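One chain comes next, on its own, written as structure tokens: the form predicted alone.
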């Protein structure tokens, strides 16, 4: 294969062409993996994958996690979650409609947050549907020495429930949202992670917090913790750390949740359809 890797922005992201994820060899995978660790976000263009092939590629990076939202897993392959604003012939939602609508890193509400998330784009709307990414290595590196010292040993508290989080809103488009988050609260207890995370492979430090899942700072009262979180979050999404991905049909996009935050920006409405498949690869402890 004549694999080509091209940077997508000055801060993070790379485009890969000249590879077929149905037929790649081990040497090509090593090139992809090295690019993943270097660029943090990869877009592999022009793929034609069935569900099994998507899962097989995902499993090269680790164990593919089961999904917490079982309602919208793919019937023939439950390791795939459907993200979609489409409906079936009876008007029922067929996928998660509001996935990732606030800045976050995937599964930080778990003891072992995600390594990588992989999205395969089957259909994109005529407008909107952009995904924003921000480089949390760069955000940490740009902090003042005083701030680095202040947060060096602090831990953030992460919760899956939007009901506990004053920084986000529940989408009116999600069916039974309040009941859904109440069930999740009971099933998935809050967890603590360091505000400064060291990547297990690269050894680099990154800022590790988000408005979606980080709801407090351990050992600080609510007002002080909120003020510090608000400052860190605002810093982390400065334009100089960010890349916005404009999707094409058949893109496979993957990102390193250990050092990247992201959000879906919306901007489209049914019957303009956005339809993707998602796998999530399990990571390790944060320290």
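Numbering follows the first chain given and starts at 1. Every value quoted in this text rests on a predicted model; they were computed, and no experiment measured them.
Note that the form predicted together with a small molecule isn't included here; everything after this is about it.
Undergrad: Counting only non-hydrogen atoms, choose the one of 144-152, 69-77, 201-209, 102-110 that falls within 4.5 Å of the small molecule in the model of the complex.
TA: Result for this chain: 102-110.
Undergrad: Taking the small molecule as it sits in the model of the complex, is residue 122 in contact with it (heavy atom to heavy atom, 4.5 Å or less)?
TA: Judged by the heavy-atom cut-off of 4.5 Å, residue 122 is well away from the small molecule in the model of the complex.
Undergrad: Does residue 57 make contact with the small molecule in the model of the complex, using a 4.5 Å heavy atom cut-off?
TA: Output for residue 57 is no: heavy atoms all beyond 4.5 Å of the small molecule.
Undergrad: At the 4.5 Å heavy atom threshold, is residue 131 in contact with the small molecule in the model of the complex?
TA: Yes - in the model of the complex, heavy atoms of residue 131 and the small molecule come within 4.5 Å of each other.
Undergrad: Could you tell me if residue 14 has a non-hydrogen atom within 4.5 Å of the small molecule in the model of the complex?
TA: No.
Undergrad: With the distance limit set at 4.5 angstroms and only heavy atoms considered, check whether 83, 274 and 278 all reach the small molecule in the model of the complex.
TA: Spot residues vs the small molecule: full contact, yes.
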